[in-house]
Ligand SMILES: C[S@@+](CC[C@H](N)C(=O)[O-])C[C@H]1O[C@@H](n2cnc3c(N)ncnc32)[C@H](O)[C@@H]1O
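Quick setup: one chain, the form predicted alone, written in structure tokens, and binding and motion questions come after.
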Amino acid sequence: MQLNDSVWDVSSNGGHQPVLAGELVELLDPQPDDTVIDCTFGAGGHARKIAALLDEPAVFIGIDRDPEAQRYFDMFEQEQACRCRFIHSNFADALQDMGDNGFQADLIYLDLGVSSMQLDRPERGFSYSYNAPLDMRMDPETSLTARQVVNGYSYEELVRIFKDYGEERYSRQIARYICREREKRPYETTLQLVDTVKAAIPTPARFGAGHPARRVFQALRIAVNDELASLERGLDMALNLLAPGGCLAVISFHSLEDRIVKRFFNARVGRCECPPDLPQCVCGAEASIKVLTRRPVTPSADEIGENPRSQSAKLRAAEKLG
């Protein structure tokens, strides 16, 4: 892909504002010699905050499935005192490979938001604000695109995706309109899809909170990139990789992600699941983590004012017990 550096400044972090950066640093509490894994490096916004506290013995590993992130990592690496390594991969696959090879880390964190370098590049097809090819692949080297989903999936499959991944109340109407319209002309662009969504939903819903196509675009992005399955698998891999006393932190941006993280943490705090009438616990529940965030940490009003994209962010963190 040809990149236009006048639109996206690669001499820094590209204008990307890391969400909940101060809160993430406070929870992780990096020590100078820690081994740190950033599972979603992006433009390196969080990485710079964390790595600034690391020294020469430390190791910083950045993972990203988007090959564009390599360019930002190369510049980031030149600024650091610690040893650095970049892995172009889905984070779940990378963490599994590291675990299989006996690697351990002190801190692991994930920022599950779509990077500004993806949203603000029209040609990537993530945004409903630009007319662009229906793509939405976080890794352009993978095969499945949003265009293939919209044009090739059955009515039932589209309904399931819009309902389960987008929590879209008008999933049936939208899927029905798509199936009807694609018989006349295949979907090629984002605004083609936006027009269909607007036509499919009741008029009052077009002027409610947020863009009317927001949930459909979220659902397609999740389906194309298999995001929720990667998150579930990646959380398991991350906890296995952590050394005792290590910390895992996750920033999510919608209820589907946050629900997965919350359930994952709750299942590992050693909560007894025995029937209440039993005189003593027999389920053998044993805690493997200590949750550090009783409630998710959310952005301040000031941060939301400076960066409206942070509004839906939630940060959860846990410490691995010995």
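Given the structure is predicted, the values throughout are model-derived calculations rather than measurements. Start at 1 with the first residue shown and count on from there.
In what follows, reference is made to the form predicted together with this ligand, a form of this protein that is not presented.
Note on the partner interface in the model of the complex: the residue among 89, 192, 127, 145 having a heavy atom within 4.5 angstroms of this ligand is 89. In plain terms, the part of the chain that comes close to this ligand in the model of the complex, with a heavy atom within 4.5 Å, is 34 to 42 out of 34 to 42, 51 to 59, 260 to 268, 285 to 293. Although the partner is absent here, residue 230 sits close enough that one of its heavy atoms falls within 4.5 Å of this ligand in the model of the complex. Within this chain, residue 113 lines the site of this ligand in the model of the complex, having a heavy atom no more than 4.5 Å away. Although the partner is absent from this view, residue 138 contacts this ligand in the model of the complex, with a non-hydrogen atom inside 4.5 angstroms. Though the partner is left out of this view, residue 18 does reach within 4.5 Å of this ligand in the model of the complex, counting heavy atoms only.
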